[in-house]
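Here's a solo chain for you in structure tokens, the form predicted alone.
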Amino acid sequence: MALEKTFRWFGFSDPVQLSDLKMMGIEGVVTALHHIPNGEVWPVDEIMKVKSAIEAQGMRWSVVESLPVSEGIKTRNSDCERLITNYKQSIHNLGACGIDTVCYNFMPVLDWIRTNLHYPLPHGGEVMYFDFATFVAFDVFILKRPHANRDYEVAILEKAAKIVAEMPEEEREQLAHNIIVVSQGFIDGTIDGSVVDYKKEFLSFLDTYRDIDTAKLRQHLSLFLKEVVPAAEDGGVKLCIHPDDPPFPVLGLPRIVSTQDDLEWICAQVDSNANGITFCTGSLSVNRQNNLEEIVKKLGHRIHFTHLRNNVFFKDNAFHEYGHIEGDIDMYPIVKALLQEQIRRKETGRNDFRIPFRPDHGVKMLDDFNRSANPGYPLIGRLKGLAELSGMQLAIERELKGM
């Protein structure tokens, strides 16, 4: 029994239509109500509008990705109580509509970071790239975050200074705009394209974390879980936190969902199946100390959703995304461990034995260059990954059956 085939869909304005997903053999759709402002309640009628459209194509709304956790919850500001109340109501409404899995993240300010959204591969395709020295150039010399230089070693600062010195002003501005606006705008980012002085606005968001270190942010996540997991349990909903991307500190911000120890700590805060994990190979693998197969074996019972994607790694924390089964991550033992977890769940009588997976960011290729798409989400590249991962699962299933 393969993992449930799902695909991310960005709503009715997505150039990829639900009918396209049906033709691709997709079983479950991963989407969200992107038009509802962060912190507001997701109304039942809006949820049902999307759910009904998905079901009309013979699929199900498998996973909400994501129900955004507002910055006011992460920082526990004066609006936190209202935001928590609204979050719990949204969970209740989703559960009442029969949607049982909610992916979320607790990353401060930015969901994910790349320094190049169009990195060319030798065969002509494009992927996204994270170059640490270029990111330091952005942080220290372009954004000019106060005291940013204190966070980096001299050697990487020297590399960053050289990079920015050779970078035309237009390219500097594009780098900042990509990191702050372009890569975040389609996933409920804190700053959209309507903000004129977006760097100043971004710095103000960073400043709200000036007194929040790792221990404090952990405390805030623990409080959040203790407040919302009971509501999820009541509604028959499973929450699954997404790892940090990249899984190391950036912009002076703490990271608390980056390692196996972090994931174990999170699961221990509320000992409930409703408090789970989104297992993302693309994010977790960037921390080279993480053993992804071991994480599945140790925490598989709490994995409610998985993103499968590969990377190619370089020194100094640099990496670029690659396809799905090719790259520096050995996907075979990871996929095998996930399939074995499904078997274990079924044998122990769990109703939620099947784990939804989606091919994460893909290689831009072929007709993708003639299509509009959000960064990292080309249709053909993701479809190729879906096919590759489906074939891998079929082979592993036959192996597990002794055929």
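Residue numbers here begin at 1 and follow the sequence given. Source: prediction; values computed, not measured.
A second form of this protein, the form predicted in complex with a small molecule, is not displayed here; the remarks below concern that form.
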Review point. In the predicted bound form, which of the stretches 135-143, 263-271, 169-177, 99-107 has residues with heavy atoms within 4.5 Å of the small molecule?
Key: 99-107
Review point. How about residue 61: is it within 4.5 Å of the small molecule in the predicted bound form, going by heavy atoms?
Key: no
Exercise for review: Find out whether any non-hydrogen atom of residue 130 is located within 4.5 angstroms of the small molecule in the predicted bound form, and reply yes or no.
Suggested key: no
Check your understanding: Within a 4.5 Å heavy atom cut-off, is residue 112 in contact with the small molecule in the predicted bound form?
Key -> yes
Practice item. Considering only heavy atoms, tell me if residue 364 and the small molecule come within 4.5 Å of each other in the predicted bound form. Key: no
Exercise for review: Would you mind picking the one in 74, 304, 320, 307 that has a heavy atom within 4.5 Å of the small molecule in the predicted bound form?
Suggested key: 307
**Study point:** in the predicted bound form, the residue from 292, 187, 80, 164 that sits within 4.5 Å of the small molecule by heavy atoms
**Key:** 187
